[in-house]
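For reference, the chain that follows is the form predicted on its own, supplied as structure tokens.
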């Protein structure tokens, strides 16, 4: 059997690792990824403030895959042909090589099972003027973006040292952007670095977010136990921002970015702008531009993908009021409803709806976070999909013995508040389940015994330890499979 994995991020790399471990040598595992590198994305924020360099958050994939016996192709997927074509009955994916030696050449890669783990397309284009390519805002969504962000931040620091006041804006760059957590960490790390250099009094820092309340993080906020008391992530996040002298603007959907000025609309329908000298804004995420074709070459993309390019799976996509949302809407096996040998993992799968309550401005603009699916959920989903495919191949059944609903899955997150061996800070947070279950937990939506948060030096040490632990796991070092996702 041939198993093809598209993407080598947290979800795709995890899926490939477990597929190779569980399948015998008589079965082939192939990974297609446009980048030669695996990157540990959660540590990009430290690259963005100069506390790590890019080689501390990445490593080359080809060496690891050779050791594992995985065929690696440095290429991007162009189209999926689930029924083959007039001359080939097996499903295949057309890829275009991005490696220097074969750049631009194409190939058809066949499969018996396909895992779409391509992750998000960083859709800067959805917000006019946004992003590094426009020389306006920076990004920490990839290691090269983060290195560029640090280069630009250093210019700001040099001006501050000369007594020149600077305006810094960090947050979301689209009305429905996700990954608030990464931006939140970055703004706190900037504040921490400036404080260490006694430059805070010259910097005006603003958190600009599409969240209805600060601390929503795309999961409708949460109530957490902290120091024996129940508090909301709203109070938790606001207190951290206040302690770092960071002002915030919430319920804001960025509409356009110009050099030095950000234009946004708020839920009350008003239009505003904010000036900046340095800004990091998370772009909108979408699926990659992969088409699906039938045997005759007719476009059948709507059968595999939602309108945003993310892959349809075993979720309940029927539109219904927020009050009727349920954890039963969320997928459990991540199998395509149209093709039982195709799966999507991590950010590549289309969620049935957001986790946060959808909100529209008075002008009809959607302003609320899309659901986050990075980090721990991506790893867990990748592992479960690999386990199910391996079971189907080895047992010859269509049974799915493993499930991973975000309505039943918990997640742990360490929010970096500043990098320092003796004075660093980290906020540890666990949430269970990720998607609120109001039937099981009618008061809080989540299990308070498993939804907790604390802040301190220990949190920084845990995040730093996890950085090295997960790179150890991703490199396939001894007993990697025993480490959690």
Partner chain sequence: MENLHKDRGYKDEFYPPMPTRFTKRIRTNFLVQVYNFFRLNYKIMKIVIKGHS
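Positions refer to the first chain, counted from 1. All figures in this text were calculated on a predicted structure; none of them were measured in a lab.
The same protein has a further form, the form predicted in complex with its partner chain, not shown here; the description that follows concerns it.
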property: Partner contact for residue 402 in the model of the complex: its partner chain, 4.5 angstroms, heavy atom; result: yes
property: Partner proximity in the model of the complex: residue 412 to its partner chain, non-hydrogen atom cutoff 4.5 Å; result: yes
property: 4.5 Å heavy atom contact, residue 376 and its partner chain in the model of the complex; result: yes
property: Exercise: residue 452 in contact with its partner chain in the model of the complex, heavy atom 4.5 Å; result: yes
property: Which of 431 to 439, 36 to 44, 65 to 73, 22 to 30 lines the interface with its partner chain in the model of the complex (heavy atom within 4.5 Å); result: 431 to 439
property: Candidate from 144, 275, 238, 204 lying within 4.5 Å of its partner chain in the model of the complex - any heavy atom; result: 238
property: Listed residue (194, 312, 95, 380) with a non-hydrogen atom within 4.5 angstroms of its partner chain in the model of the complex; result: 380
property: Neighbours of its partner chain in the model of the complex among 58 to 92 [non-hydrogen atom within 4.5 angstroms]; result: none
